[in-house]
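Next up: a single chain in structure tokens, the form predicted alone.
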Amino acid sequence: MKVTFYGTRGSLATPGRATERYGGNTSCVLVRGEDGSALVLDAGTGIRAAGADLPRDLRRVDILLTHLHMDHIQGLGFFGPLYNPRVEVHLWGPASATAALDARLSRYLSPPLFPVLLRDLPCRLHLHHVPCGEIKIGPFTIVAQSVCHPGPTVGYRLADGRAVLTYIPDHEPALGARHFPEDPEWTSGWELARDADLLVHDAQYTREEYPSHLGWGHSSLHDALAFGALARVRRLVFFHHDPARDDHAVSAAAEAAVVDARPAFSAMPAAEGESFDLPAGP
């Protein structure tokens, strides 16, 4: 599978800051299978560029939403395949305790927030609720499970028979713990991440910043590294960068955490436009 990052921020990056490497767009990752299958993980502002890079003859694309916070859906209405009547678009995401997925998305894709109604999109649109057991899409076997983050939120585990990708962009696995949990079966997201070839994980805060943001639903760089170690992953990519950090600050915070934690696996910040070919490497 080929994994490409189109948006890596927790919110739109601060205008005027140096963001050439890590970009300024919000969460969006494109995964391509060997058979041409296209999976889009989240619909942040990066999804506009992801849609433009898809082949023109593509006839199906699946969008897997982790949750419906604005930074993960604000690019949805600008995704080109939604306006192509020849394309079958499958939208996967969590319902809430009181509303189905279509009702939740319709709050955004409707006036006054957006001029085009969800029901009026010309593509062949199919909506699916997660978590719902295993999903089969092309060569991929996909599992969605609820993770610790405010509101209905899931993470995804994608396997194609050759490699495993785990995507948990908004996650607070150490919430309420004095020290990072050592029991994997009681740690949010562990089953999704165990033995993954590539873990894409929330790492918005430094260790010093995290105590003043407890309960906000996001992880520190150190906790992301501890989570990766607990899950025995082969590679970790830090994700959901703080929008106030420029390129230098993102690199410096990541490097300091890795030097301090000395993980047994490689770890690096997600960079906009960067691709990984799994199981090989970047």
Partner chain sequence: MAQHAVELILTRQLASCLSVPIVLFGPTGDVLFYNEPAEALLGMRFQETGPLTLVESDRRVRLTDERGAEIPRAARPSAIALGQQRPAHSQMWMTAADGTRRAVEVTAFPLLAEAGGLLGAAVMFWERDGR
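Numbering follows the first chain given and starts at 1. Here the structure is a predicted model, which is why all the values come from computation and not from measurement.
Beyond what is shown, the protein has a form predicted together with its partner chain; the following relates to that form.
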_Region of this chain that lies against its partner chain in the predicted complex, out of 70-78, 108-116, 199-207, 89-97 [heavy atom, 4.5 Å]_ = 89-97
*Looking in the predicted complex, any heavy atom of G155 within 4.5 Å of its partner chain?*
no
_Interface membership of Y83, its partner chain in the predicted complex, 4.5 Å heavy atom rule_ = no
*Contact label in the predicted complex: A103 to its partner chain, heavy atom within 4.5 Å*: no
*Wondering, does L175 line up within 4.5 Å of its partner chain in the predicted complex on heavy atoms?*
yes
_Partner contacts in the predicted complex for 135-162 (non-hydrogen atom within 4.5 angstroms of its partner chain)_ = Q145, S146, V147, C148, P152
